[in-house]
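Read the single chain below, which is given as C-alpha cells and is the form predicted on its own.
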C-alpha cells in the first residue's frame, strides 16, 4: 500500500483486537497467531482506528492531544502504512 489517503477510513482486520494488557503494562494487538506489544505512539493511533474515523480525523485528533509533537502527521501516516503492510488494518 502507498501512503494512506486522508479520506480513507482504516479499521482493524477481522480477528484483530486492541486491548490494555496489565501483565505487559501496555496496549497489545491480539490476533489468532499471537500478540504484538505496542509502544505508546502506536497505541494512541490504534485506539482511534474504529472504522468510523478517517485518516484526516485521526491526525486532527492527535494534533489536538499532542500539539507540540513535530512531524506528527508524517509519523501517523508512516505507522498506518506499516500497520496495513503488516496486515493489521484494512479500509472500509
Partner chain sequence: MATTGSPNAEIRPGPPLWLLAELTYRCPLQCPYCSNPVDFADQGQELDTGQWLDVFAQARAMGAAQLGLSGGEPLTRPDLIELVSGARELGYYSNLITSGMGLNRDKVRALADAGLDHIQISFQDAEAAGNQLMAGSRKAFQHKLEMARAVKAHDFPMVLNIVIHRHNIDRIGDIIQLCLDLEADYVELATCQYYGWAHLNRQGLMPSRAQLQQAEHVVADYRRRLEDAANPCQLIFVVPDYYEERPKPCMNGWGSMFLTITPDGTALPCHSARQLPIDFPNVRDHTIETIWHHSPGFNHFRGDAWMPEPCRSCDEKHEDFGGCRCQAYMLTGDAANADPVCAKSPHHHTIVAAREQAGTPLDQVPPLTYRNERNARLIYRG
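For clarity, every value in this text was computed on a predicted model and none was experimentally measured. Numbering follows the first chain given and starts at 1.
The same protein has a further form, the form predicted together with its partner chain, not shown here; the description that follows concerns it.
Although the partner is absent here, residue 87 lies within 4.5 Å of its partner chain in the predicted complex, judged by heavy atoms. The shortest heavy atom separation between residue 67 and its partner chain in the predicted complex exceeds 4.5 Å.
Contact check for residue 30: a heavy atom falls within 4.5 Å of its partner chain in the predicted complex.
Contact between residue 73 and its partner chain in the predicted complex is not found at the 4.5 Å heavy atom cutoff. Although its partner chain is not shown here, in the predicted complex the stretch 5-43 places heavy atoms of 13, 14, 15, 16, 17, 19, 21, 23, 24, 30, 31, 32, 33, 34, 35 within 4.5 Å of it, in sequence order.
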